[in-house]
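Quick heads-up: the structure tokens below are two forms of one chain, split into structure 1 and structure 2.
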Structure 1
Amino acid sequence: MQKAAIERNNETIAAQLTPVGRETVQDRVYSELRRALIGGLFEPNQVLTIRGLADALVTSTMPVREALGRLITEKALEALPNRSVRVPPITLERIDDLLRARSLIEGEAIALAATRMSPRQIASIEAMLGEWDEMRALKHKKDIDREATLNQSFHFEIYRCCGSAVLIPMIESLWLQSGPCIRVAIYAFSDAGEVDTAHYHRRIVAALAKQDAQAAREALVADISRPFAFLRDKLQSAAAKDQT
């Protein structure tokens, strides 16, 4: 009798709760694809198939299909007629649009953070610069994945101090859309021996340490504008060659 009562109780609970198995897998798939896009692990114009991603993630096609639908809605991916998707290609219009939006929104976030960051929080982002120096001191081939991770951690450590729950998801969406573009620029800067990103980050830290919101905004815009300017020049040069 007691067993029957327990079973009835379990049935009542089950009727009140929503199953989480498939949703949990879908969320994990979405989070992993989102991480890959923000980190630039997929290249602009790269075609992705549901089956290929399911095999890579060792899961079924259903959670992959649902995750891709969310990412298409967020403008991080584009749907193709053959049921595959692609990473949006780099165009002048897209570069300018992303840079304009990131400068406005991330510029506001860092300006707000400048007056809110504690000495401990400043020390935290300074420690990230130390990690950057250690990475640069290594003699083997530069770790692009590590650089991308440090760059993201540095920026979001600051943005989380802005005090706005509205701005953070907007910034995450912009990084989701611009990640593949930034990855292309990181490789190019490495090959060309360009000035290290840490140089720009140090300017940001110096402004934040002084609680100078305007200087922090200007340093940030200089930092995030650099890869977009490079990509713009690259596209314009390619277009000029095609016309000759």
Structure 2
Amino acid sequence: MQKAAIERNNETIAAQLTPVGRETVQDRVYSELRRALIGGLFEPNQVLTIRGLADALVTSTMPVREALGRLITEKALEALPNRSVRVPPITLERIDDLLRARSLIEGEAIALAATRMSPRQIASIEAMLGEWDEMRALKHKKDIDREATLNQSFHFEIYRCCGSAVLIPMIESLWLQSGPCIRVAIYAFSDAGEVDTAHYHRRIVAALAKQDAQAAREALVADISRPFAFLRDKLQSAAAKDQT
């Protein structure tokens, strides 16, 4: 019987090949819309139509409508009574609300992560920080998209270590909801002369390295509060000017 030989052969093949995966069209549409949303490609109040998106993404309406439905249940999009869907407007209350929820949940996640991260994982984060500085020094602080992506990886790399399968999807949902707001703030940042965001991330990493959960939570809250506070001021002054 050559069964063992066949088995061995299969194993060597399996070792060489990488799984191809079976992502559906709907999943791709969903990911793409997510990316666009947290990347701030859609602006608040913009209405999205199924057929319009389907044309833009070169598919039929079916995957788009299901992806939109999913995004609506995550509150990343909003279903109007007219049955049209739009990206939610930015209001002062919503900003405060989002910041509070993010501080609470991401704070808890990083506190958990602080007690669980292995030295290897911390090293990985630190390496990320270095790569970041490099990019920042090189590109004269203008590649906002790359910066945002790196920021996202940085945070979620940490959150993944919290060991909670419940918290992480919630955090993703929160990023999705605050994506458009944040992006507005970041663009405003880059106009208004940049603050040293690297400093905040270094504080986070330092706290994690010391396994100091409380310090990590505080550093994180300071980090995510910045754009929200900025946006808040901007909105407030705009409202004040609007009233005069």
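Each form is matched to the other, and the largest set of C-alpha atoms that superpose within 1.5 Å is called the rigid core. Quick note, the numbers are simply positions in structure 1, starting from 1. All figures in this text were calculated on a predicted structure; none of them were measured in a lab.
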Matching structure (the form predicted together with another copy of the chain), either 1 or 2: 2
Per-residue C-alpha change between structures 1 and 2, I38, threshold 2 Å, rigid core fit: yes
